[in-house]
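As structure tokens, one chain now follows by itself in the form predicted alone.
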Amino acid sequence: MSTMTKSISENTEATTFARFQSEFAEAVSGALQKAYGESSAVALEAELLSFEHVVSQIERPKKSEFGDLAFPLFPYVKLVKKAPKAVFDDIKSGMELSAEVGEVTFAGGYLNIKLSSHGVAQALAKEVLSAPQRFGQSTIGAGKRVLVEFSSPNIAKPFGIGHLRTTVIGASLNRIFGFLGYDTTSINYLGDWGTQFGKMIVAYQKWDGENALKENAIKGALALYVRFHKEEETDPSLSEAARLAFKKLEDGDAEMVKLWEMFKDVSWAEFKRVYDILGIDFDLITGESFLNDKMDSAIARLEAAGLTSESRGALVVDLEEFNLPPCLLRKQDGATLYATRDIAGLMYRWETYHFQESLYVVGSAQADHFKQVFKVIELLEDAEKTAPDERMTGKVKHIPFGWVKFEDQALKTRAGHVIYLDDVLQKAIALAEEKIREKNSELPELEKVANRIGVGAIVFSQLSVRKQKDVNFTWEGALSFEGETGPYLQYTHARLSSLLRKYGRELPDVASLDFGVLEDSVTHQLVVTLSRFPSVVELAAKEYEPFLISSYLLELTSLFNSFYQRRDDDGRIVKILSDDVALTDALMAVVSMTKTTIASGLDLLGVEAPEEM
């Protein structure tokens, strides 16, 4: 649903779809004021007649045959006590709308408009073809900083399939916000501190860790980690040994620090290799250890604000009145916790970046943790009487997502139930190469294209479902190249590129293109859907939901394939490239705009768009 608040006359830089929507809303608002304003027999509140209210209620019709935009009449039917058709007649009779915008009809209790194919295509071509790389981009985020924390694997543990969702969702959100003009900072907050490192150190020292890590450091580290937990079940002394090892690490023991740094180095080398395959990098790579010298000051602020109390020897912030467990800051033995580090980290990031939003792309299982942390920050700002424009409250947000399971079973590092992300990516790339060699063995840069398609298949498999849904990972599903998949979108982009190569010349100036020849329903739907791309990107940012873009691209691609195969009244396929120059130019303009939009959408998802397949 639109959130526009300016009319077309006030917002000359609005996108094509937004401009047509705005003019429609302006016409409806004007007609409502004539029909039910102060001078009418049944006058309604001014707010219900305003442009702002009307434009906020506009939606897409449930059926495409009803039109392209719909305005619900039900609230007015109830207020003026008239039948829906009578209310429609009241409004339509007072509408001032040019034929270039479209035709108004009544259907299903809505006032609907079918936008002008010619009008939309002409305006869209001017918008897209003049600056293809900027189509859909915006300046709404200009001067605003957004931090996006995502991926965040644990040092000395595998980069498994369980990390895939946070990685690709976070990377996509970072791209989306950047596309809309925000100054983004992508953060990889590594799990590089905690008692598990005491366990790893003990296991390394006890079971010939140097040899265990020699062939494959990460797999060797996992084997040590799994062995520690298995033997800990029958040898409780291992737990105490791990605790003492981590205490030495905290105290700066040279040998412990050296081993810890070795674990970090070999882990990051593996992580970096996978990130390179995915085409993902970060503006800031940090870890929990970075906050070690910042937690005392954070706790001191909370104590000075009168928010802390003791519970069984531990230091906590009591959150019972907010129906939350107490936020544990320091254990009885003086050790700090994950929440302490997140609170200190938020304080540091606010002082460093003064962000508009700080997003944590972390699984749904951590929802209560973030509620606690954010509530503590809110209470601190209340206690310190922080000025509204200096508050983090409302600007820090948890972006949760569902579990990744393997054939309905949870993945558990302790038990060694891990699917390495690198293995998944390599299998997908190999399968893509195999399929390409079957169909087009002479394809230039075949290996590079296979890499793009294989990786795209895996990335899209995670972004083609809403982030809150659990994903049941199966090899067959993840590596599928059939149906509504990343390779399907990539293939369509390659087909569009091929058409443009066959066309073989520059498109004429937009002013000379005759879009009046494109009045069939399939082309109409394609052109209007193309015009919606900028609003889809803005909504994806507003809802923190890359799925909206993947869903849109599947809809657009389906429409293009119908456009590509459409038939005339005699049942013959209408060729896009023909001897009719005016028709061909208009059709190829649509092809070019579709190619641009698919490429931009895929890029926002982190999927490359090959020119050939």
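Given the structure is predicted, the values throughout are model-derived calculations rather than measurements. Residue numbers here begin at 1 and follow the sequence given.
Below: the form predicted in complex with a small molecule, not depicted.
Only one of Y189, F135, Y204, F263 lies close to the small molecule in the predicted bound form, with a heavy atom inside 4.5 Å, and it is Y189. For the residues V274, V362, L507, L249, the 4.5 Å heavy atom test against the small molecule in the predicted bound form is passed only by V362. The small molecule is not drawn, but in the predicted bound form it has a heavy atom within 4.5 Å of H163. Proximity of Q366 to the small molecule in the predicted bound form falls within the 4.5 Å heavy atom cutoff.
The small molecule is not drawn, but in the predicted bound form it has a heavy atom within 4.5 Å of F370. For the chain shown alone, N154 is a contact residue for the small molecule in the predicted bound form, at least one non-hydrogen atom being within 4.5 angstroms. Heavy atoms within 4.5 Å of the small molecule in the predicted bound form map, among the stretches 234 to 242, 104 to 112, 385 to 393, 334 to 342, onto 334 to 342 alone.
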